[in-house]
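Listed next as C-alpha cells is one chain, alone, in the form predicted on its own.
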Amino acid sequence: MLFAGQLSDEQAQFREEVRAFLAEHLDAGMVAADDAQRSMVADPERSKAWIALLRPRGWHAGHIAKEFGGAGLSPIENYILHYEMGLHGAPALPPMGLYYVAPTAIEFGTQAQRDEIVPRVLDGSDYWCQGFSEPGSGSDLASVAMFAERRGDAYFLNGSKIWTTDAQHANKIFCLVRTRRENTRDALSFMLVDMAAAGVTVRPIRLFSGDHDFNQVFFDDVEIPVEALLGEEGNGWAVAKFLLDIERGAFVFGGRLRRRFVRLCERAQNCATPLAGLWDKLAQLDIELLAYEVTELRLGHAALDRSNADAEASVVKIEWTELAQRIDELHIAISGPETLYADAAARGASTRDEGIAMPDWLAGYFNNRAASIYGGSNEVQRNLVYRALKQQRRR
C-alpha cells in the first residue's frame, strides 16, 4: 500500500476519516458513472451533487484557507483526500473555479474581488471556464492576440478563445488578453468576463469520439468594467503563470490513475486471447504508477514549505498525462478486435452530451490523446524542466 509507513498517526487517522466518509456517501451509481467518465473533465451535474455532500466539511475546498471559506487542510491532508476520492471512484471536482480562479483571486485580487469571487465559487453560484488558448496561440500563450481596448471606465474585448473546456456550462470565463499592441509579455492582462455579456458567442467543438468537451468562444466588442481586471494591467503574464502552475502541478491524479490501472488488470484477467508479455507490461505500468504516486506524495510534503518549483509542476503534468495514455494504450491492445467496433448496446457504453456510443475504455483512449497537449504541451513542459535544471546548475 502506497501510504504504509509514510504517514504520521494524525495523517493516518485523517485517511480513515476520509475512507469512512466515502463508504457512507459514495453509492454504486456514482462510482459507475465516474468509471464511465470519458475525460478528466468533471460532469457538471454529478460534480455538483458530490460537492453538496462535501461542502459541510469544506472538503470541496480543502486547499483553501479557513479564512476564505475552505477547510484549510494541509497539503498532505488535501493529497490524502483527493487520492482516496479518486481511488474509490468519487466524481471529479470542476477545477476552473475551485482550483484556478479562487486561489488566483486570493493571491492577486483586491479585497472586493476576493469577497465577490471566492464565496460564489465555493457555494456553486459561479461555474468558470478558461480563456487562454487562441487559434494562433496554443502552448505559446505569450502570443495571444485577443485585444482589450480601454475606453473610459470599461474595456472592450475583441477576438476569440479556443479549446475552451465546458464553456457551454459556464457563466464566467477568465481570459488572458492583450491590452497594448506591443508583442511583449508586459502588454498582457488577466480579465474576468460574464458569459452573459452582450457579444459573447459559444460555438461547440466535437471531438473524434463525438464528445462535446471543448468550444470556441467569440468576443465581439464585449464591454466589461475596469474592475474585471485581476491584478494590474500589464501584469497578466504573472497572474496566468501562477494559475498555470496550479493547473500543471497542484492536482492529485494518483488515485484516479490507480483505479484506472486496477480496472485494466481486471479486464486483462478476462482477456480471451492474452497479449504476449501482458503481465510483464502490467508489472512495468505498476512500477511507473507507484513512482508517480510517491512523487505526488513527496511534492505534497515539499509544498508544506512552499518549495514546489515550477519544474516539479511540469514533471507532474508530463507524468500523469503520459501514464494515463499508456494505460489506455494497453487497454486497447488487450481488447483486440473489439476495438474495431462501437456496438455500445452489448458493452455498456456511455455518452457525454451527444457523444458517439462506444465502450468507455475506447472513448477514454480517444479523449486522452489530448492530455499531453492541453495545459501546455509536454514538449513545452520538458523545455521548462530543462531550463529550471540549467538555472540550478548555474547557482
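Please read all numbers here as calculations on a predicted model, not as lab measurements. When you see a residue number, it is the position in the sequence shown, counting from 1.
We do not show the form predicted in complex with a small molecule, though everything after this point is about it.
Quick check on this chain: which one of Y99, F261, Y292, F214 has a heavy atom within 4.5 Å of the small molecule in the predicted bound form?
Only one listed residue qualifies here, and that residue is F214.
Just give me the single entry in Q130, S189, N78, T104 that has a non-hydrogen atom within 4.5 angstroms of the small molecule in the predicted bound form.
Of Q130, S189, N78, T104, the residue with a heavy atom within 4.5 Å of the small molecule in the predicted bound form is Q130.
Tell me, yes or no, whether I224 is in contact with the small molecule in the predicted bound form, where a contact means a heavy atom of each within 4.5 Å.
Residue-level check for I224: no, no contact with the small molecule.
Under a 4.5 Å heavy atom criterion, is S377 part of the interface with the small molecule in the predicted bound form?
The answer is yes: S377 has a heavy atom within 4.5 Å of the small molecule.
At the 4.5 Å heavy atom threshold, is A370 in contact with the small molecule in the predicted bound form?
Result yes; A370 sits at the interface with the small molecule in the predicted bound form.
Against the small molecule in the predicted bound form, would S139 count as a contact residue? Criterion: heavy atoms within 4.5 Å.
Judged by the heavy-atom cut-off of 4.5 Å, S139 is in contact with the small molecule in the predicted bound form.
Of 283 to 291, 164 to 172, 104 to 112, 86 to 94, which is the one stretch near the small molecule in the predicted bound form, taking non-hydrogen atoms within 4.5 angstroms as near?
Within 4.5 Å of the partner lies stretch 164 to 172.
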